[in-house]
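The chain below stands alone and is given as structure tokens, in the form predicted on its own.
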Amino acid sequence: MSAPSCNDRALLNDWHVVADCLALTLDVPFTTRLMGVDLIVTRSVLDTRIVRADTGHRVCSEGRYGFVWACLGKPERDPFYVRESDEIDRHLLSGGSIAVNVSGLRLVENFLDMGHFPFVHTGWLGEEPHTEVLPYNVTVTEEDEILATECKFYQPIASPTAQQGMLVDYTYKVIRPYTVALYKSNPVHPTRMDVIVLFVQPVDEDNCVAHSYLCYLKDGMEAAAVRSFMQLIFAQDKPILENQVPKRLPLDPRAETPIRADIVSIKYRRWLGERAITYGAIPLHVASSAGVNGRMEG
């Protein structure tokens, strides 16, 4: 029997996505891992829900948003509620599940970083000379979530429906250590926003699976185009992420040299440290003694 390699109670007692229902074949076991625990996910014809089990470790499970969720401990709260999933004029679909050889915390930080758009997503989410990250606001809400507002960035092709380049409004929300949401302005409906939620599955401290949940307004947009666009962008991020050194996220603010555009990354690292989240991270004292240094690529 495999045992969790994680000692963070907040993570052990929380829900994590471990499979996309679209990837499951009836009565065919699907194997995966969550924080060092080997899991077997099976979809049974006798039960319309997803039936989950592992190789001996007790696991709570449920299905939501087209994903299979697992909790290795005793759930202390429900999975994150995506309000936009109740709106009938939206495409609600998975953007795919992509394995990445990096800490899940590194992946969340990359998702928060606008500074890499012109260089990694050239011609899509950014382009030169539009490289400046304009000032934005970051707060921690009463719900203990990180909220970054008034984020703006020029993008040549902001979404599948974009007909020309535009200054895109972004709002980022870090809901839980491995869950982050992005709200971005819709080219057809300026007063409403498309939503991407990233549920990151920590396979172990150095590997993760990114499960994306897409809530895009349907007007003028096909579901297949939404999914393809998300996979295109993530395919550009994957090699950058997998070349991160170190693979785990240093929590010491002195470990990597930040710039002004990294304010949300700095807040995220501090937020993790204050909540004693260490799984997938390099704790403060370890980062300091190792002398890790460099630009925060995020």
Partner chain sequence: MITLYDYELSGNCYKLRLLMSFLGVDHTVVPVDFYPGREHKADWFLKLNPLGQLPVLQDDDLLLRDAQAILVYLAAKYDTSDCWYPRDNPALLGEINQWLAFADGITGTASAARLHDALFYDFDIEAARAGAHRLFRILDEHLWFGEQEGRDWICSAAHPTVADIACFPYVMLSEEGGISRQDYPAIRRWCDRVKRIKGFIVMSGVFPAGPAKAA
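Residue numbers count along the first chain shown, from 1. For clarity, every value in this text was computed on a predicted model and none was experimentally measured.
The following text describes the form predicted in complex with the partner chain, which does not appear among the structures shown.
Evaluate residue 209 for contact with the partner chain in the predicted complex, applying a 4.5 angstroms cut-off between non-hydrogen atoms, and reply yes or no.
Residue 209: yes, in contact with the partner chain in the predicted complex.
Find out whether any non-hydrogen atom of residue 20 is located within 4.5 angstroms of the partner chain in the predicted complex, and reply yes or no.
Looking in the predicted complex, residue contacts with the partner chain include residue 20, since a heavy atom lies within 4.5 Å.
Contact between residue 98 and the partner chain in the predicted complex at 4.5 Å, heavy atoms?
Although the partner chain is absent here, residue 98 would touch it in the predicted complex, with heavy atoms inside 4.5 Å.
Tell me, yes or no, whether residue 227 is in contact with the partner chain in the predicted complex, where a contact means a heavy atom of each within 4.5 Å.
Within the cut-off, so yes.
Does every residue of 7, 13 and 145 put a non-hydrogen atom within 4.5 angstroms of the partner chain in the predicted complex?
Judged in the predicted complex, none of 7, 13 and 145 sits within 4.5 Å of the partner chain.
Want to guess which of 104-112, 89-97, 72-80, 169-177 is within 4.5 Å of the partner chain in the predicted complex, heavy atoms only?
Among the listed stretches, the partner-contacting one is 89-97.
Can you pick out, from 64, 267, 254, 238, the residue that has a heavy atom within 4.5 Å of the partner chain in the predicted complex?
Contact residue from the list: 238.
Do any residues of 168-189 have a non-hydrogen atom within 4.5 angstroms of the partner chain in the predicted complex? If so, which ones, in sequence order?
Stretch hits: zero.
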